[in-house]
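Okay, so here's just one chain, in structure tokens, the form predicted on its own.
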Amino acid sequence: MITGFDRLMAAANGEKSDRIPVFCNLLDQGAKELGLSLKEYYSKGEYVAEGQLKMREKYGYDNLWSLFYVGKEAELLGCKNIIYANDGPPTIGHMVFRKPEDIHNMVIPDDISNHPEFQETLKCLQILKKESGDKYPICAYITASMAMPAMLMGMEKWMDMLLSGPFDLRDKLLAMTSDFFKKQLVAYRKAGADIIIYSNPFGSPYFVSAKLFNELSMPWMEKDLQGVDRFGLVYYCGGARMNQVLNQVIEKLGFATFYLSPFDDIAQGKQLIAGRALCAGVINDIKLIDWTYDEIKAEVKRMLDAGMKGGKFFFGTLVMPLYIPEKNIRYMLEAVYEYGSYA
């Protein structure tokens, strides 16, 4: 039996398996699968693990997620309120920093693994590791140092501090969030995560200017990754384009896997990477809400025609909205399995 790990390792090594690897990021759908509200679902690591295992078995793709919701990281640093909706991902309802001076009071936990807010995630990882038997890569999601402050004070306040200062306080905060990234990385790897999504919208020249990318984003990414084993790290810009900086990121940061934007030209991305890294073609999954069978099939074929040549390619989604009909998830995956076959 060919496993998800087999497919991923073959693709990473430039070899062919039965088909390309498929990463389908179904998160909130696990609650529906178990008949639970999102609030109840995300209250227990065993619920999230069961949801992930059931969704992977149901659709046949190649990855599992330990991610609950993005705001989970903010809870590790003191966020006291998460807002749960009925039809979308949980959001942060409490900003840790109400004024810049609050930064002085932030404490980065020494050992994330023992933090009370990490225990359900840890439980989820342990169950996934046991039940998957190393057949399917387990993914974790960690926010980069430059993006983390937006979850602690709000994007508007963070952008103001980032661009206008006070710069000593800004740099103190970034040093702490960079330390936080590294400590999370240790905790997730120790708990059994195989793939770490390094999430940084500031790593895209379409989110910040080229000048800011070179003067701030790149130096802080270098600090995040100093002394860090790059194996299993995936460069992801929150869905923002990255083709323009691919070469720079490979040469300076040493990433070997890229999760392109749905708006990146896949063929161009492959050309720029030039066989130096594994590359995901990522579908614009919001459109799956309304697309017809023929539209889904045509889009998948277009993407795979652009990406499969030369190998080192896999298929991915963003954070599949709950509004996507189940039949459209199946249409998409069936098309990937058909057009992504090497048989």
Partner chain sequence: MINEVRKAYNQAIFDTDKILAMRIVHDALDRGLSPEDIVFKVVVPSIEYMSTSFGQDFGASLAQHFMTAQIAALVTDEMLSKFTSPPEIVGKIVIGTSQGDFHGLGKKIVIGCLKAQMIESVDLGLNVSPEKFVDEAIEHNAQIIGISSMMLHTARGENGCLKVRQILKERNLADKIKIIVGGAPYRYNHDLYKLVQADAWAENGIDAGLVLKKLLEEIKQ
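Residue numbers count along the first chain shown, from 1. Just so it is clear, the structure is predicted and the values come from calculations on it, not from any experiment.
We do not show the form predicted in complex with the partner chain, though everything after this point is about it.
Novice: Out of the stretches listed (137-145, 244-252, 168-176, 114-122), which one is close to the partner chain in the predicted bound form, meaning heavy atoms within 4.5 Å?
Specialist: Residues of 244-252 come within 4.5 Å of the partner.
Novice: For the spot marked by Val186, Glu299 and Tyr339, is every residue within 4.5 Å of the partner chain in the predicted bound form through some heavy atom?
Specialist: Verified in the predicted bound form; spot residues all out of contact, no.
Novice: By the heavy atom within 4.5 Å rule, which residue out of Pro262, Pro149, Gly232, Gly269 makes contact with the partner chain in the predicted bound form?
Specialist: When the partner chain is considered in the predicted bound form, the option within 4.5 Å is Pro262.
Novice: Please tell me which of Met155, Ala256, Val228, Ile108 lies within 4.5 Å of the partner chain in the predicted bound form, judged by heavy atoms.
Specialist: If I apply the 4.5 Å criterion carefully, the residue I get is Met155.
Novice: Taking 4.5 angstroms as the cut-off for heavy atoms, does Gln126 touch the partner chain in the predicted bound form?
Specialist: It does not: once the partner chain is placed as it appears in the predicted bound form, Gln126 has no heavy atom within 4.5 Å of it.
Novice: Whether Ser43 contacts the partner chain in the predicted bound form should be assessed with a 4.5 Å heavy atom distance threshold; does it?
Specialist: Residue-level check for Ser43: no, no contact with the partner chain.
Novice: Hey, in the predicted bound form, does Asp160 get a heavy atom within 4.5 angstroms of the partner chain?
Specialist: So Asp160 counts as contacting the partner chain.
Novice: Can Leu76 be called a contact residue for the partner chain in the predicted bound form at 4.5 Å between heavy atoms?
Specialist: Judged by the heavy-atom cut-off of 4.5 Å, Leu76 is well away from the partner chain in the predicted bound form.
Novice: For the heavy atom contacts within 4.5 Å of the partner chain in the predicted bound form, list the residues of 193-227 involved, in sequence order.
Specialist: In sequence order, Pro205, Tyr206, Phe207, Val208, Ser209, Ala210, Lys211, Leu212, Phe213 come within 4.5 Å of the partner.
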